[in-house]
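Only one chain is shown below, in structure tokens, and it's the form predicted on its own.
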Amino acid sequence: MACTESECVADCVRRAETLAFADPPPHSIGYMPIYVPRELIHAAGLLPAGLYGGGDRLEIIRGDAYFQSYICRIPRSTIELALSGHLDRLDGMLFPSICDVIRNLSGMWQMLFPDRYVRYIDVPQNFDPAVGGRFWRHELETLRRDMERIAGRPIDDEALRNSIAVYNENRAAIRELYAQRSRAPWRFPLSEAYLVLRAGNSVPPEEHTALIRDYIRGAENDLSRREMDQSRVVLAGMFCEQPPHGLLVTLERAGCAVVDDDLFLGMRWIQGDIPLDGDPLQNLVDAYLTASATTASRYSPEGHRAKWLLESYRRNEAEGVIFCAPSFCDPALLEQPMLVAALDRAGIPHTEFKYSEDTGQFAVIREQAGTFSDSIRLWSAS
């Protein structure tokens, strides 16, 4: 007997939630949030496994002994995951240059696990092809050799092109999900889409793409999902340490329809497709230099830190912006005053609060978000 559209969507979300918080499978390379060239890992026959901390499902016991209490929670929970055996099946770890805390975490990892492969991925902050491009190509060539050694097989250009094509498909599916959410957020609530996206950190990209498309197909045909009286908002500041799932549910219940965000930015760092013709490694270099997303951890050569946020607000016909950053996140909290100033100049409503990945009490956040949503509806009606 065929399932109804509602039942199919519910099944997708259940599968996604199981995968979203699963331990990495064997033959995988872990990486912290933000950008790493997953195509190189995939082309070696390994699985890129995104690690976003332990969330609110992990009690930190030993991790607190390795880091100060006045930094964000994600390094402590990542160490806790490793020390408690959840990451034993990883063949290596990559730490992209997000901030000083993640840099220190990579050094701590080397000391705790000296027999495991670990590399700090220092992405370019200079976007001149002759400078940043040359540097980034050298980094990718080194990483390519490392992945070949770990996998015990060469990564030829054809394998790399195939992997680029696979991730092009995955990014296209994610873009479609975001576009559908923007058009009809009541059909694709963030609390569900978050789980569907997060599942991609522990399964092959081909499987993740199929899951996303199954979810889109079911949700857009589920006639039981009706439009609600909510305010359209953009969330900013969550590009690294992820919020607890309950916080996203709370925002929706407070009357906020999230039409764009910077969650899981590492999965959609490249904006668009990477060309398949020519030198695939150079295509990865050029994609980073010319088509990468804006975040607080990335230098903005044009000097306009808020450009991406203003464009998102207008493109998605949003009615307000919520800054929702992890406590003690230096990049996000240092950038926030510049973004707030730009929104003030443009007359865009906004509010802000902080969270930790293990936040368990949402009453204050619900009141603040609910008041913000109500005020937006009042302003738009006046």
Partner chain sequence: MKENSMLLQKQLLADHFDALARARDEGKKVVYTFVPGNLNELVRSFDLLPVLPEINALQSGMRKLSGGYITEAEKSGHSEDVCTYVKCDIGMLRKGNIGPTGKPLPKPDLLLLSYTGCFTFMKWFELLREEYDCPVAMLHVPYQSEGRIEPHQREYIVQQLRSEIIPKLEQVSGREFDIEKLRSMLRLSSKAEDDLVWVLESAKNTPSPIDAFFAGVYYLGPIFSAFRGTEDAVQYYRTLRGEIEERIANKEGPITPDGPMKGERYRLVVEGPPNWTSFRDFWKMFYEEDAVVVASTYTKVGGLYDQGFRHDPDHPLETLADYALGCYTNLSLPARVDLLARYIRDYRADGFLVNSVKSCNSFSVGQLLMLRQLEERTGVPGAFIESDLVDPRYFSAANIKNRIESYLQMLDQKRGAA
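Please read these numbers as outputs of a predicted model, since none were measured by experiment. Numbering follows the first chain given and starts at 1.
Below: the form predicted in complex with the partner chain, not depicted.
The partner chain in the predicted bound form is not approached by residue 350, whose heavy atoms all lie more than 4.5 angstroms from it. In the predicted bound form, at least one heavy atom of residue 66 sits within 4.5 Å of the partner chain. The partner chain is not drawn, but in the predicted bound form it has a heavy atom within 4.5 Å of residue 134. The partner chain is not shown here, but in the predicted bound form it comes within 4.5 Å of a heavy atom of residue 297.
Proximity to the partner chain in the predicted bound form holds for none of 252, 255 and 379, with the criterion being a heavy atom within 4.5 Å.
The contact with the partner chain in the predicted bound form, taken as any heavy atom within 4.5 Å, belongs to 138 out of 153, 213, 116, 138. A heavy atom within 4.5 Å of the partner chain in the predicted bound form is found for one listed residue only; from 84, 282, 221, 125, this is 125.
Contact annotation: the partner chain lies within 4.5 Å of heavy atoms from the stretch 138-146 in the predicted bound form, the single such stretch among 138-146, 226-234, 270-278, 189-197. For the stretch 314-338, the set of residues having any non-hydrogen atom within 4.5 angstroms of the partner chain in the predicted bound form comprises 327, 328, 330, 331, 333, 334, 335, 337, 338, in sequence order.
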